[in-house]
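For reference, the chain that follows is the form predicted on its own, supplied as structure tokens.
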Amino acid sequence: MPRLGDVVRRISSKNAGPFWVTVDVFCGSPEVFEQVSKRLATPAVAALFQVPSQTLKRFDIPDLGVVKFSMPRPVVQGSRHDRDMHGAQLAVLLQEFDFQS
């Protein structure tokens, strides 16, 4: 089964302030965006990131060919328990996500 990272152009994650992190899926074409938008289930992404699905916000942006997920950080950015200061590690999890196109 292909991984999501094999289907889309790029996946990145970053801080969205000290309390939120954002993961962007850049699809690369309208056809891939349509596939990802339909097949990438929000509850599955919430389970992957180990966050309650009601706290995961999803934004489908067809004009940009991007599916964006935002979620509260588990700890405040820069606190002594923060293991990912820049929010960059979540992209790898989504790249490895099994995705059937």
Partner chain sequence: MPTRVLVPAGVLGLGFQQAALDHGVAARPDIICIDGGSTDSGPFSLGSGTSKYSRGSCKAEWRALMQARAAAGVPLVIGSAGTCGTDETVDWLFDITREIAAELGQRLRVARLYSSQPASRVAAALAAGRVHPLTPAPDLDQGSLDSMTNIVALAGVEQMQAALATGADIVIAGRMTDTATVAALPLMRGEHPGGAWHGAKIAECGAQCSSNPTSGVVMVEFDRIGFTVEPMAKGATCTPYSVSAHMLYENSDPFRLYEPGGYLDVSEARYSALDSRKVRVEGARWVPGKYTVKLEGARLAGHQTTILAILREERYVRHAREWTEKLHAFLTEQIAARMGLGAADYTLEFRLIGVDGALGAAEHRQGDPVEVGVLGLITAASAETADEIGRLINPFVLHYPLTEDEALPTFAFPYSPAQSSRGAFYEFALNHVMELDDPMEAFRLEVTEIGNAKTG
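Numbering follows the first chain given and starts at 1. Computed from a predicted model, the values in this text were never measured in an experiment.
Here the subject shifts to the form predicted together with the partner chain, a form of this protein not shown in this document.
Residue contact with the partner chain in the predicted bound form: residue 96 places a heavy atom within 4.5 Å of it. Taking the partner from the other structure, the partner chain in the predicted bound form has no heavy atom within 4.5 Å of any heavy atom of residue 53.
The shortest heavy atom separation between residue 44 and the partner chain in the predicted bound form exceeds 4.5 Å.
Contact check for residue 32: no non-hydrogen atom falls within 4.5 Å of the partner chain in the predicted bound form. Of the residues in 13-30, those that come within 4.5 Å of the partner chain in the predicted bound form through at least one heavy atom are, in sequence order, 14, 15, 16, 17, 18, 19, 20, 22, 24, 26.
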